[in-house]
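We begin with a single chain expressed as structure tokens, specifically the form predicted on its own.
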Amino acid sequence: MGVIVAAAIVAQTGSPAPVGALPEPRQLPWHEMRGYAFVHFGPNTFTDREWGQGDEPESVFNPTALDAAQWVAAFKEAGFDGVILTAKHHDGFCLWPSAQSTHTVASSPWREGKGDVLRELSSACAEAGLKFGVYLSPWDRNHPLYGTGEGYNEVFRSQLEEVLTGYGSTFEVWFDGACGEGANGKRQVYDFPSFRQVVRELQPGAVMFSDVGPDCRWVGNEQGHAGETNWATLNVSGHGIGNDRPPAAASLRSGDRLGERWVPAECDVSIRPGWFWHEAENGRVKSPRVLFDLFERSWGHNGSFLLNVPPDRRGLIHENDVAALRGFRELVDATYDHDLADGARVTVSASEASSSPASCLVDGSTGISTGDAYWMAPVGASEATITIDWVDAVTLDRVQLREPIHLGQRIESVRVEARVAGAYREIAKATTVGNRRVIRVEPVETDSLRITVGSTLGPPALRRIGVHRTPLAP
């Protein structure tokens, strides 16, 4: 297992050079988010559809008790850091009073035509300290200019300007690439470069999602989990968006080793079978244990966790969904609020002179800025071993590893051993680490853990090792 070392690994200052593509500053706070909610809401909520036709009368949208603060309270209790709202889905109905369309809340009976869901949700997020994001579908089955080319693209850019200038800071803009005929029977060619330019100009700190980014990518499924191997880097050449997505999209699940750009995976999934609320699905809400499993296979597999939680016709998050979110949070806190590695003794095979002492791996630090501590093996090392020792034996079933991703993603293989009855035995193997990797193992009692980082794209480096135990039976 060799080490591929980038050119000029060590600069004149002695600082290690990064390896491969690197994250942009706007992506680093996104990587630190524990999870965030998706909210699908609109006429489909009232027509019992998943994809509206665009011909639904505005009068169908009339939630009886909409309370965005209730949504935000449920998401915050779940431990989420933000929420993304479907400001406009494929039916073209705008949840804000857009000047570019008549198919909006302004034409509905809700709030006597004076309502604005974006305003209420963004204000509730600001009050509670959650980040606010928007989904804006370029497919519009209602707008008469859809399918006319530049005429509709200008409409969409103007709608982007509306939602990105009137509602405070936006942490993510979510672009769906779905494309079909509009009411005029025509198809539209989307001008995504110009759409992205609007976002960059108006919300430079926002990350943009689409099948291939540019800031975060679709993970290739809607089941909420990333691959066993998951690189944050991707070769975007040859990929498309939506209907233009080629067979090469299979690599979205695992990313690309030495990919040309930093485009980490976002793992989306709904708490219910559908994306919009349906009364028939009130008894089919995912359980806390299922949500916890998906969380560990997304957030814990170098991705992000985006959980859709749709409001009902009252305009409230249903009681069953709230209960599932609460149980999910209890499992997360019971597992990750206590780190068995804190205060343990750490020894390493060797260290690069410019890196921090190995003790930084278990000192409880959680930051991600370039000034934060990390440990790195010497340049040219083919592998590295980190040993964690306890005075008294502990029982564990999770090992969490984090790389200093501001220097790139480099680890390709990891082996974990536990000392049992005086001898080390292998308890797990894993591939990529990246921002975070949670390695799940059968419960084991041990007084020493040995982690061997094998194949890497540069000197092995870590910024944090966590050791945990869940309250769940194996």
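These figures come from a predicted structure and were not determined experimentally. When you see a residue number, it is the position in the sequence shown, counting from 1.
The discussion below concerns the form predicted in complex with a small molecule, not included here.
Q: Given that the partner is absent here, state which listed stretch (57 to 65, 434 to 442, 34 to 42, 414 to 422) has heavy atoms within 4.5 Å of the small molecule in the predicted complex.
A: Careful reading of the contacts points to 34 to 42.
Q: Sort through H301, H89, H143, R217 and report the residue having a heavy atom within 4.5 Å of the small molecule in the predicted complex.
A: Partner contact (heavy atom, 4.5 Å) among the options: H89.
Q: Name the residue from E222, E150, E228, D337 that puts a heavy atom within 4.5 Å of the small molecule in the predicted complex.
A: It is E222.
Q: Within a 4.5 Å heavy atom cut-off, is W275 in contact with the small molecule in the predicted complex?
A: Taking the distances in the predicted complex, the answer for W275 is yes, it comes within 4.5 Å of the small molecule.
Q: Residue-level question: is D268 within 4.5 Å of the small molecule in the predicted complex, judged on heavy atoms?
A: Result yes; D268 sits at the interface with the small molecule in the predicted complex.
Q: Hey, in the predicted complex, is D176 touching the small molecule, heavy atoms inside 4.5 Å?
A: Residue-level check for D176: yes, a contact with the small molecule.
Q: Taking the small molecule as it sits in the predicted complex, is Y135 near enough to touch it, meaning that at least one heavy atom pair lies within 4.5 angstroms?
A: So Y135 counts as contacting the small molecule.
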